[in-house]
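Have a look below at one chain only, the form predicted on its own, in structure tokens format.
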Amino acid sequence: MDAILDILEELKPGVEYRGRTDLVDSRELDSLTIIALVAELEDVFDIAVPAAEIVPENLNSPEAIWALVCRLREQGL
């Protein structure tokens, strides 16, 4: 989970990510940041994020992002 927070902070510094549940909905993460986030997640966690998984409910909070990573790792993607 700390790795997720580190990635988010690297991509967009100065935002308080802990406890947030509206990162996409509030446009804290815009489309370009989301693309960079997905690329970082794929590199760091050695996963492939299918386009169908790039939806607000999977990216609105650090916890949701971590759940996505865990689910994809379990599926071997």
Partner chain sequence: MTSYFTPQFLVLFLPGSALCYQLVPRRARWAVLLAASYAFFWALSGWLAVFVTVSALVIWLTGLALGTEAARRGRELAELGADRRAVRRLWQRRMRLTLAVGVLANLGILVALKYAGFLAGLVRPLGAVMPELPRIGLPIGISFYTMQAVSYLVDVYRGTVAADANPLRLALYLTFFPQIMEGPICRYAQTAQALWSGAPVTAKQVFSGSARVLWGLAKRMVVADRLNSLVSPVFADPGSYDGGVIVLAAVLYTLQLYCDFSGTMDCAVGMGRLFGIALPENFSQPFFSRTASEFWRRWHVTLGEWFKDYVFYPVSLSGPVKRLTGAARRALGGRMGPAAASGVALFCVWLANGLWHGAGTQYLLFGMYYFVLIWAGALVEPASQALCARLGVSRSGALWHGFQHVRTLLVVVAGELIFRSASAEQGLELLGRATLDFRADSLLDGTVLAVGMDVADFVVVGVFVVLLLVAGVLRERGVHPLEGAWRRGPVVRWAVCFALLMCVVVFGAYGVGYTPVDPMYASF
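Positions refer to the first chain, counted from 1. Since the model is a prediction, treat every value here as computed from it, not as a measurement.
One more form of this protein should be noted, the form predicted in complex with its partner chain, which is absent from this view; the next part is about it.
- Taking the partner from elsewhere, L11 is found to have a heavy atom lying within 4.5 Å of its partner chain in the predicted complex.
- Its partner chain is not shown here, but in the predicted complex it comes within 4.5 Å of a heavy atom of I54.
- Taking a 4.5 Å heavy atom cutoff to its partner chain in the predicted complex, the contacting residues in 38 to 60 are V38, A39, E40, E42, D43, A48, V49, P50, A51, A52, I54.
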